[in-house]
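Just one chain follows, in the form predicted alone, and it is written as structure tokens.
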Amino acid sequence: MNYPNVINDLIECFKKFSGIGEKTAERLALSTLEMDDEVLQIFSEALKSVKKKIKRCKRCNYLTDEELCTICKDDTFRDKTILCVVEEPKIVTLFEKMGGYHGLYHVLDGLISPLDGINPEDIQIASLIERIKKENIREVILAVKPSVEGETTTLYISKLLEGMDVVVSKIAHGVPIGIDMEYIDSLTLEMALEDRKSVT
């Protein structure tokens, strides 16, 4: 491109974001030229802060800037006997936007996939089992994507929970096989959650 190097560098930076292609990155880079200095300063500080301040909640592994996330600290209307297990933090956000679920979460940070070298000890399964034992959890909802990896993870966790006084269910799959959870519309997701099935 015939842009000055500083704009080309900015375009390359935007392209590193998931889902951002060449044209969108170019449009974003050029739009920064039209922003007020104050807005650009806020944007710059936010980018630096998110890397410096955001960490994982020590209880559920969701995103936070404190020791515990806002969900784990919520003592108002959360049912603390229900735990929804998800693959990654953005799925927690998806459920929260939906607004129909009022339990707690546990973020696995991946799914079991031996072909990709991801084994049970590589994701947050041990901490999940520990939480279930310590926190008087009565139901575990496995809300992972309907894929080979998702089914493998579901079966592995349900086997670990056999003999424990906990109901294990998984969201109903009116959800297409192989689709990423983040692309499911909120109504489909809410219906899948309500129509969850026992894992046996």
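Keep in mind that this is a model prediction, so the values were computed, not measured. All residue numbers refer to positions in the sequence shown, first residue = 1.
The discussion below concerns the form predicted in complex with a further copy of the same chain, not included here.
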* **Region of this chain that lies against a further copy of the same chain in the predicted bound form, out of 150-158, 163-171, 54-62, 131-139 [heavy atom, 4.5 Å]** => 54-62
* Asked: So in the predicted bound form, does any heavy atom of residue 198 sit within 4.5 Å of a further copy of the same chain?
  -> no
* Partner proximity in the predicted bound form: residue 102 to a further copy of the same chain, non-hydrogen atom cutoff 4.5 Å -> no
* Given that the partner is absent here, does residue 7 sit within 4.5 Å of a further copy of the same chain in the predicted bound form, heavy atoms only? -> yes
* **a further copy of the same chain contact at residue 94 in the predicted bound form, heavy atom, 4.5 Å** => yes
* To do: Select from 24-40 the residues with a non-hydrogen atom within 4.5 Å of a further copy of the same chain in the predicted bound form and write them out in sequence order.
  => 26, 27, 28, 30, 31, 32, 33, 35, 36, 37, 39, 40
